[in-house]
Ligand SMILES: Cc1cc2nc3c(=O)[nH]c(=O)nc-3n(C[C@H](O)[C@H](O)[C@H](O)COP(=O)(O)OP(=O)(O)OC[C@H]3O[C@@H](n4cnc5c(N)ncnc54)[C@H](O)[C@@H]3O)c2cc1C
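Shown here is one chain on its own, the form predicted alone, set out as structure tokens.
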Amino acid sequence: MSDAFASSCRNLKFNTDVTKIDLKNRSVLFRDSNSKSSGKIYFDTLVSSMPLKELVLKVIKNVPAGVRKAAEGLKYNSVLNVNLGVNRRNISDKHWIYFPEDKYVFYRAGFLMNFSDELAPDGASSIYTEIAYKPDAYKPIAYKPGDRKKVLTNRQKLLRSVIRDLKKAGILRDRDKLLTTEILDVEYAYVIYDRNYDKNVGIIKDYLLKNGVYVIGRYGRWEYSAMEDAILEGKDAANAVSCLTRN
């Protein structure tokens, strides 16, 4: 899907970090993460899918105090995504399963090969597990069974905890062999809709829109949304920018 969109775009830059946005001069400073070279581009209208909190607090230059305060008030949870490849086919017929019990280190386990045959080699299965943590407390974490205040910060211990609990849940067997493992840290995973959510997000979006910045996507708009919502938001943003350009 992304390749289909990219085929109609020009001047694409990959492995590039946006380091500073100057709204007064309508400029974006960026750095190539491979060569460490930097560059600058100018814009009339900017569309951003960067996490809203990161955009305001770390990237945009000279943000008004009231807008910064609103961004500081944005709450979210983070997730460690532990992925396993196993040498046994059809390890489960489920798409995903929730585990609310304290005795499991993860709150959800899913099986990607059941979404598509292309997501695991023949004769193998793919498993993902999700472990939530508070970003302002510790990172990364894995809870010990029965004591959610104690944490394990070592990645190998985390992996062993996940394998142990997958066996406890009857998903893995002792004779199963792991073909591959990967741990991903999703810092901005789930937006928290607290009492100040509407106020804070409204202040930030009004400020950005007045300065020619459209925000899109789950992280850019700071909301719970799915892939199809992001596509529609991108389409709406493109239409809005096109209208401004014509006018």
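Residue numbers here begin at 1 and follow the sequence given. Since this is a predicted model, take the numbers as computed values, not measurements.
As for the form predicted in complex with this ligand, it is not shown, yet the points below apply to it.
- prompt: Just one of 195-203, 63-71, 177-185, 42-50 has heavy atoms within 4.5 Å of this ligand in the model of the complex; which?
  reply: Result of the contact check: 42-50.
field: All of D17, R218 and S225 within 4.5 Å of this ligand in the model of the complex, heavy atom check
entry: Result yes, every residue of the spot touches this ligand.
query: Can any non-hydrogen atom of L112 be found within 4.5 angstroms of this ligand in the model of the complex?
result: Close contact is absent here: in the model of the complex, L112 is far from this ligand, nothing within 4.5 Å, heavy atoms only.
- request: Decide whether I163 counts as a contact residue for this ligand in the model of the complex under a heavy atom distance cut-off of 4.5 Å.
  value: No.
field: L23: touches this ligand in the model of the complex, heavy atom cutoff 4.5 angstroms
entry: L23 lies outside the contact set for this ligand.
- request: Consider K75 of the chain shown here, and say whether it contacts this ligand in the model of the complex, taking contact as heavy atoms within 4.5 Å.
  value: So K75 does not count as contacting this ligand.
- request: Sequence order please: the residues of 154-193 with a heavy atom within 4.5 Å of this ligand in the model of the complex.
  value: If the 4.5 Å heavy-atom criterion is applied to this ligand in the model of the complex, 154-193 yields V186, A189, Y190.
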